[in-house]
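Have a look below at one chain only, the form predicted on its own, in structure tokens format.
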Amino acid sequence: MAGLLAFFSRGDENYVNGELKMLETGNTEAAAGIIQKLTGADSFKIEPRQPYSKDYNECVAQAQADQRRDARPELTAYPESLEPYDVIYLGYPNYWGTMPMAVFTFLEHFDFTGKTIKPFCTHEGSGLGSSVADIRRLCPQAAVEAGLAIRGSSVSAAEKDIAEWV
């Protein structure tokens, strides 16, 4: 069963344990690294052509504006095809109750018929929100499994939980 690990993650200034911290690697990317190590899945980072600001508060304003207008930001690239993959591990931070809009762009680009999507998100207290329902709505012909919510500030200690979910 071939797997693709597709994820959106943002380093830079982030909200962690109630304070702003600079992260060299975003929390979702750190979780994706654990999943990649456990599964051997191919890895693809979802990146908007116009990146969000490195400043946390500016990023929040930009991402909220995208969500309010139901934007579909253009991405820098896509995997050539999903044909070789049976399972898609889909990762993202929770942005106001769902996925970043770039993940919506990614999901709407492909036909996920017959694929299994295993969603995981990082958050600082808001869990998966409506993201799993949103994935099911966008990919009605896919089998969308139960998602895994990982507290971003605890991602380095989450390998056991991730391994059980995988």
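Computed from a prediction, not measured in an experiment: that's the story for all the values here. Start at 1 and count along the sequence shown; that's the residue number.
This protein has a second form, the form predicted in complex with a small molecule, left out of what is shown; the following refers to that one.
- Residues within 4.5 angstroms of the small molecule in the predicted bound form, judged by any non-hydrogen atom, belong to 122 to 130 and to none of the other stretches in 122 to 130, 35 to 43, 106 to 114, 136 to 144.
- Shown alone here, Glu29 lies within 4.5 Å of the small molecule in the predicted bound form, counting heavy atoms only.
- Although the partner is absent from this view, Tyr95 contacts the small molecule in the predicted bound form, with a non-hydrogen atom inside 4.5 angstroms.
- Looking at Met101, you'd find every heavy atom of it more than 4.5 angstroms from the small molecule in the predicted bound form.
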